[in-house]
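Consider the single chain below, provided in C-alpha cells and representing the form predicted on its own.
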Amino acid sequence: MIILDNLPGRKERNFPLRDLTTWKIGGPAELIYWPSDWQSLAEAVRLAEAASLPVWIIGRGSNLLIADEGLPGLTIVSTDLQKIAWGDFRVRVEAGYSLARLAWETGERGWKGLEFASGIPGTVGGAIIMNAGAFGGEISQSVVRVWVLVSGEVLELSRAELQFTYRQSSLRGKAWILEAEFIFEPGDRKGLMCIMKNSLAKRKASQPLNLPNAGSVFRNPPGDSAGRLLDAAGWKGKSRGGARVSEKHANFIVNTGLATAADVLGLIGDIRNDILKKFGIDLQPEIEYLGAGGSV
C-alpha cells in the first residue's frame, strides 16, 4: 500500500463509503484521502498508479452507486478543493466546489448562465464530467477552460477541445477535473434569483428529497421522459430489497433504510428489461457505478 504521509490532507483506512454518498450505500474504502489542493491530488494519483493500485475519485457522491464490497486501492475525495477566484464575468474554481453554491453566488452577482443548477447537489468537477443539466440548461454552456489530470499529467484544455452531449462529455472515463473556468453573461439579478428559487421549489415538489437517493437514475431518451415511461409501465412503488422506485417521481430509486448496491443494480436491470420489452427503448443509466463490474 502506498504511503501518503507527506501529502497534506486527511487519510483514513477502511472508511465506510456509504457515509459519502447521497444514496447512503457502499462498502469500505481500502485507503481514502481528502487532498487539500489539486497538486496533492495529482501526486497521490501518480503514487497509486506507480504502485499499480486502482484509483477512484469522488465528489459529493450525489450521482453515485458504490459496490457493497467497497473500493480497493485509493479513493480520493475532492470536496476540500474549494479555491475560487472571481473576475469580470468570469470565475476560476476548483473541482470540489459545490455547483449549487456556485450557481447561487453567480446569480447574486447578476451573472447569467448557471441558474438552472440551483438545486443540483454535486461538485463542479463531477458536473462537467457528466455535463449536468436541468430545466433546459447545461453546464457546458458556460465552461471555457478546464484543467484535468490524465495519466498523471496535468493538461489545460479549452472549450474547443471538449465535446459535450446530453449528460455526457469527452472527458468521462478518461480524465479527472482539477479546476475549471466559466464565463457568464450580464443578467437581471432579481430575475435570476426568482428563476433559481422557482427551480428549487419545483425540485422539492416533484422529487423524493426526504429519502436517500441519487437523483435521476436514467437519462431521458430522445423525445421522451424516462420518468413517464416508468410511470406508464407501473413501476412506481415497486421494490427490490431496500431499494424502491419512488411514488413521487418514477425516475428516482430511494433507499428505504437498508438498501444495498445489489438491490439497486437488480432493480435497474429489471426496469431496463421491462421498458425494452414494453416500449422497445433501452434506457441508459445516468448514475455512475464504482466497484466490481465497473458499470450499470
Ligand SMILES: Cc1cc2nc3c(=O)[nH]c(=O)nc-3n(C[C@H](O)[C@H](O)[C@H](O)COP(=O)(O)OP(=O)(O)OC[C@H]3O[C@@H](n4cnc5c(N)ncnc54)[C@H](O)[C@@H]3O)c2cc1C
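Numbers for residues come from their place in the sequence shown, where the first is 1. Every value quoted in this text rests on a predicted model; they were computed, and no experiment measured them.
A second form of this protein, the form predicted in complex with this ligand, is not displayed here; the remarks below concern that form.
Partner-contacting position among I195, I183, L209, L162 - heavy atom within 4.5 Å of this ligand in the model of the complex: None of the other options qualify; the answer is L209.
Tell me, out of R240, R60, K236, R46, which residue has a non-hydrogen atom within 4.5 angstroms of this ligand in the model of the complex. The option sitting close enough to the partner is R60.
Can we say I120, A127 and I177 each have a non-hydrogen atom within 4.5 Å of this ligand in the model of the complex? Each of the three qualifies.
Mind telling me which stretch in 201-209, 153-161, 101-109, 219-227 gets its heavy atoms within 4.5 Å of this ligand in the model of the complex? Of the stretches listed, the one contacting the partner is 201-209.
Quick one: is E286 in contact with this ligand in the model of the complex, heavy atoms, 4.5 Å cut-off? E286: yes, in contact with this ligand in the model of the complex.
Can R167 be called a contact residue for this ligand in the model of the complex at 4.5 Å between heavy atoms? Looking in the model of the complex, residue contacts with this ligand include R167, since a heavy atom lies within 4.5 Å.
So, in the model of the complex, is G133 in contact with this ligand at a 4.5 angstroms heavy atom limit? Judged by the heavy-atom cut-off of 4.5 Å, G133 is in contact with this ligand in the model of the complex.
Even though this ligand is not shown here, does L31 get within 4.5 Å of it in the model of the complex, heavy atoms only? Contact with this ligand, no.
Residues in 211-225 close to this ligand in the model of the complex, defined by a heavy atom within 4.5 Å, in order: Residues within 4.5 Å: N213, A214, G215.
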